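One chain follows as structure tokens, the form predicted alone.
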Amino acid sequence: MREDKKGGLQYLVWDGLPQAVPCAPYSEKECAFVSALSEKLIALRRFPDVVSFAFFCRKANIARLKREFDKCPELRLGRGTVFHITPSNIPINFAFSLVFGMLSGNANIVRVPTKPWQQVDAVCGAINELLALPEFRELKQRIAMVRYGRDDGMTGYFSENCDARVVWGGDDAVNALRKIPIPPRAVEMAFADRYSFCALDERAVASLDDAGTARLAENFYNDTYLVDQNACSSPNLIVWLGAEKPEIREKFWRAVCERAAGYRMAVSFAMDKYSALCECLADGCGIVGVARHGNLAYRVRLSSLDGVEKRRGKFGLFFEYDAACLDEIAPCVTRKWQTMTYFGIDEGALREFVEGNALKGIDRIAPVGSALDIGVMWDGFDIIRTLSRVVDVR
């Protein structure tokens, strides 16, 4: 991978500042590039998150998204240049952000994670290889991937040269970046701190045989341990619905821990998890029980969900709450709540939960195992339409 270093700025993919020449969303060239990138990355089995990204980018999925987009008749063009600021704790997020910018018809400047992830190197290497091909050479002037530390001057430079800015990060990071101006006509999407949970119908879990329980545990593992629970869509809280049967829950957690047996975390992360558990116990408010499964899973049982979005789990720290039905938790749902994963609940009940309670939060509802399936609808945004503009022809 070509990488030039100048004054702390690393150019991972660079052919100068991208040319802000907008094109129509889902243009043929951009779609072909994204599909070719998928073919290059799909074989990287050692990186499950890269494989998931490649699966999203596959030709059939992009064609499906284009068909859905084309159902709306308005004329649209990209806004010009999108500046993406991506998080350091989710290695593949930057690649999704780039693809969203490309599919919406824009040139893109992407600030990749400052942490040295192998996934970043693999994706940027594949992008450079594709841009060297004759059929994609013109896209070299529409893609820039850079890495640099905290530098308001550099961020200000890219911000003043953008038509849209996409910010992924915590609340503090978003608020700090908003002090750096963008052009008056530019738009901004900010994906800040969110809180996610998982709802499990205990009777549905009880009905599973050993193979079914193992599949559920596998899917739950992918939602959580795969990214150390760092993703905003990874559940921190597990809501158990129905009659309480401790043996069912123990069976589920045994299966989760069996799947997580190969999970490895640094000693410092293990200490962070233990410290977080101790802080919860010291606070004590609303805690009615604690269970540990070795060092793989800590479970904190709650009697109340008041302020639960402040209780964050990482590396296998989970909070549990018993509810007779979904409506019971509705009063605690705030704008912070993002993703609800579920098992054993029918679609009608899910729709009634959201509509009947006029929820302030929850932007995504997806089956267990799909928490990390980022898409063009995210955090309540239609990303492609937000990053493109309507040309009103009458």
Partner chain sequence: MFGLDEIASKPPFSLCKNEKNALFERALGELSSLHCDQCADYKNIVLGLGFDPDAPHRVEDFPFLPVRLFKTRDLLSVERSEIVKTMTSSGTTGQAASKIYLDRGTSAAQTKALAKIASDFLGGARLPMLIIDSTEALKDRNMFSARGAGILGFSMLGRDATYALDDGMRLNFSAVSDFLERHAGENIFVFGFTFMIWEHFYKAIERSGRHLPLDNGILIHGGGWKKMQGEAVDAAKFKEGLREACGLRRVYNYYGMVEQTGSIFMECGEGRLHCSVFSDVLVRDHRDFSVRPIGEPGLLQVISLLPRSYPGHSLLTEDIGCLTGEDDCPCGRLGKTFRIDGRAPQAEARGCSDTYERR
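In this text, the rigid core denotes the largest set of C-alpha atoms whose superposition between the two forms falls within 1.5 Å. Just so it is clear, the structure is predicted and the values come from calculations on it, not from any experiment. Positions refer to the first chain, counted from 1.
The following text describes the form predicted in complex with its partner chain, which does not appear among the structures shown.
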*Given that its partner chain is left out here, which of 214, 187, 146, 176 has a heavy atom within 4.5 Å of it in the predicted complex?*
176
*With its partner chain left out of view, which of 85, 130, 305, 124 would have a heavy atom within 4.5 Å of it in the predicted complex?*
85
*asked:* Counting only non-hydrogen atoms and a 4.5 Å threshold, tell me whether 168, 270 and 283 all contact its partner chain in the predicted complex.
replied: yes
*Is there any non-hydrogen atom of residue 201 lying within 4.5 Å of its partner chain in the predicted complex?*
no
*asked:* If we define contact as a non-hydrogen atom of the residue within 4.5 angstroms of the partner, is residue 161 a contact of its partner chain in the predicted complex?
replied: no
*Answer with yes or no whether residue 115 is in contact with its partner chain in the predicted complex, where contact means some heavy atom within 4.5 Å.*
yes
_I'd like to know whether residue 138 contacts its partner chain in the predicted complex, with contact meaning heavy atoms within 4.5 angstroms._
no
*Okay, which stretch from 261-269, 248-256, 96-104, 320-328 lines its partner chain in the predicted complex, with non-hydrogen atoms inside 4.5 Å?*
261-269
*Along 212-231, which positions have a non-hydrogen atom within 4.5 Å of its partner chain in the predicted complex?*
225, 226, 227, 228, 230, 231
_Core superposition between this form and the one not shown, C-alpha change of residue 48 at least 2 Å_ = yes
